[in-house]
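In structure tokens, one chain follows: the form predicted on its own.
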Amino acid sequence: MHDIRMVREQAAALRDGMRRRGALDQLEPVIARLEALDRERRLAIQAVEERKAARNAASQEVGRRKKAGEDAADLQAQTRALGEEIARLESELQSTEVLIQQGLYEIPNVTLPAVPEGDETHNAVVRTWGTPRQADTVKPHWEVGEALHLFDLPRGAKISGSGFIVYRGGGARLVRALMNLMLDLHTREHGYEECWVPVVVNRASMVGTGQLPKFEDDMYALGDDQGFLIPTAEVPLTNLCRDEILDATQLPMAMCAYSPCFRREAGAAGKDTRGLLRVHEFDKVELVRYCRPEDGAAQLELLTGHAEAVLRILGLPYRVVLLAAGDTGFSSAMTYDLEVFAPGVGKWLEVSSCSIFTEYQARRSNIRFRAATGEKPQHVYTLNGSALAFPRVIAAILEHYQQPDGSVIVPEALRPYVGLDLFQ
């Protein structure tokens, strides 16, 4: 969320940020409305202060008259009238501030200067690793996975609906192996604190990370405002320090968690629906970092490198893509997507988005730090990244390591966890 001062003092930069995203036409009415509401708010504050000053002066005069034995009925009536007017103005001011808050929630983050302008056609590949396998006779993962009894898509749909998966036998062990490998790597080698977080969060948590109110239709709500199933462990991890002031010595802070993730993805109907490519419930290990503002750029590169390390360990060819402004997520200021190549479907599949949110989420969540004793608290920068999301990683493994006889080699790093060298 932006500070209203940005609307007031840096409106040109805000509009340019929305233009770079390709969203200015849509958001211009919101920005203009916020400018008008801010003017109303400041006038209302001035009016309240003037009337409070007048009431105080009148109250002092009432006291003087009473001491002097003089009649003060007219001034008492005036103070009552001023009090009623102040109450009315403060009520209107409160309503205006609610409207300002709602308007600020509608405006996405401003992307950093390094982010290319434009839509997804302006995304830039910044580096690659490994050599993608030629498609030749590679079968898509849904065929080989079902043939090897690793997962059961029809029964997943039967018991829960389309977009839900039942992993069975070696497939279930593969899911557990990916969780353990990623958590062990990130905690033992990359310095993250492992957390086990709730999969149900309250509305304040979803607002804090930017899922609400913008994307409420894509979320699984429990009804009667009882909470939401998390779309990612980013939500509980980022909100761990909501409404807190951290000491500078605690930064950078690094946390990771495994969780199931739940997304309706209402706007994605009919897109990449085969196999494991787009599902409503999936497993993921998430990385979240807090840092000082001046460390943000370095922390993004560090976090992205941690996510890349998983793909290198698994031996999966991948590329790192810097997203253009129009393809960057609502709350993000800059995002690298990690895409792994799946030869059976002939596509690069996104398996991670590593993002820096500057102070956008921290302002919504009120996460601050004090640089030194006596200094004014300032907002932390938040970052997160999937490291990694399981379904597309599984798809890539089944296609990249597929053998002519239909078996699939288990990546060496996973063998101690899976207990197998080969799915057959």
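None of these values were measured; they are calculated from a predicted model. Rigid core (definition): largest C-alpha set, two forms, superposition within 1.5 Å. In case it trips you up, residue 1 is the first one in the sequence shown, and so on.
Although not depicted, the form predicted in complex with the RNA is the subject of the following passage.
In the predicted complex, Val62 approaches the RNA with a heavy atom inside 4.5 Å.
In the predicted complex, at least one heavy atom of Glu49 sits within 4.5 Å of the RNA. Although the partner is absent here, Ala36 is not a contact residue: none of its heavy atoms lies within 4.5 angstroms of the RNA in the predicted complex. In the predicted complex, none of the heavy atoms of Ala32 sits within 4.5 Å of a heavy atom of the RNA.
Of the candidate stretches 23-31, 395-403, 39-47, 382-390, only 39-47 has residues whose heavy atoms lie within 4.5 Å of the RNA in the predicted complex. Heavy atoms of every residue among Gln76, Arg80 and Thr373 are located within 4.5 Å of the RNA in the predicted complex.
Ala372 shows a C-alpha shift below 2 Å between this form and the one not shown [criterion: core-superposed Cα displacement of 2 Å]. Once the cores line up, the CA of Thr79 ends up 2 angstroms or more apart between this form and the one not shown.
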